[in-house]
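Shown here is one chain on its own, the form predicted alone, set out as structure tokens.
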Amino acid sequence: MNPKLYASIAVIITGLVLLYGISDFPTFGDPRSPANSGVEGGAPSTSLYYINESYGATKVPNLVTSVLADYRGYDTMFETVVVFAAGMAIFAILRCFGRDDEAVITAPTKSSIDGDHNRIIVGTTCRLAVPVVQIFALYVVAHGHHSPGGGFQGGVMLGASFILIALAGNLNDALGRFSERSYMTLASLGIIIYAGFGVLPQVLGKNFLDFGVLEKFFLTDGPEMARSHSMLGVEIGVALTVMSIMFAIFANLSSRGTLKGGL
């Protein structure tokens, strides 16, 4: 029998099972659903607990950040590890060291914009835009636990700024500012920073990622502000990894692993 037929049957059966399972879900936006009102005679609503209690426990106005970086810090840490693992997988598959006669290497374009009106426009625009993008990205990271933003968003913006340099000129221009050694180091450092904020409370006799015990290090007047400051450190670690892996993926994909030429 054709293997595609087996695959089609498996997809159809899986789809029917998922559609059957949807019938047990509450109506979208139902205020009486367990997620919003809790279980009758049992535990209260998790959503209401976060809404009512998270600020008092963390002193973080951004509810999303307090949940992601504190209450479900394990999940967010391993999301960051997944981003790192994806970048390492692409690096392991594509990266070419030494001479590869079969690799198709695109000749790098000249980085000079003299005499080319199109490149003058693009190059000048990028020179003006990139610093602004990077400054705003740092603001998004630093202020993400108080307003919309955070490490993932700021990291993507920082990575995109280096990609913009490569697109406006060539890959060598971007690598001159953010070399392979730099982005590999920072990608690993981001994971270490995040895990470090988890291990340090263990050294002090508390649970992994229990930020409240770090009040002695941050010289705060309570565990709530220690949790707030720790979330900023966690977001910095996430931003470093996301920024580095995003640019690493682009650099390897655009140059077929040679880090020469590029798009």
Partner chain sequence: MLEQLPALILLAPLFGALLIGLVGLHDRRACFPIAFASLVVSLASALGAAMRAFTGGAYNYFIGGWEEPLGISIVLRVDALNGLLLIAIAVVAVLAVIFTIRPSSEKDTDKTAYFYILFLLLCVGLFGITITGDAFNLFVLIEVSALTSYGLVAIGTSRRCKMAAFHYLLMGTVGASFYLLGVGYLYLKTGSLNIEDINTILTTNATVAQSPGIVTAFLLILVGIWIKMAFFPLYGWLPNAYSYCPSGSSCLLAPLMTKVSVYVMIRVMLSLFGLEWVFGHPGWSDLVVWLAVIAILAGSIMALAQREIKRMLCYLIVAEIGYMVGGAWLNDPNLWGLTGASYHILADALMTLCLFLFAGILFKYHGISEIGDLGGLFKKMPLTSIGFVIGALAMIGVPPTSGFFSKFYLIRGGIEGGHPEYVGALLISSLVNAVLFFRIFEIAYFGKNPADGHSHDHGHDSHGHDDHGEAASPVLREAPTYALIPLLAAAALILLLGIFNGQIIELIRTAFGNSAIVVSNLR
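C-alpha atoms forming the largest set that superposes within 1.5 Å between two forms make up the rigid core. Quick caveat, the model's predicted, so the values are computed rather than measured. Positions refer to the first chain, counted from 1.
Keep in mind that the form predicted together with the partner chain is not shown, yet the notes after this line are about it.
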Non-hydrogen atom within 4.5 angstroms of the partner chain in the predicted complex for each of His143, Leu219 and Leu253: no
Okay, which stretch from 73-81, 149-157, 169-177, 134-142 lines the partner chain in the predicted complex, with non-hydrogen atoms inside 4.5 Å? 73-81
With a cut-off of 4.5 Å between heavy atoms, is Arg127 one of the residues that contacts the partner chain in the predicted complex? no
Is Ile121 near the partner chain? Define near as a heavy atom within 4.5 Å, in the predicted complex. no
Heavy atoms within 4.5 Å of the partner chain in the predicted complex: does Asp210 have any? yes
Ala57: touches the partner chain in the predicted complex, heavy atom cutoff 4.5 angstroms: yes
Taking the partner chain in the predicted complex and a 4.5 Å non-hydrogen atom cutoff, the residues of 168-186 making contact are Glu180, Arg181, Met184, Thr185
Core superposition between this form and the one not shown, C-alpha change of Ile9 at least 2 Å: yes
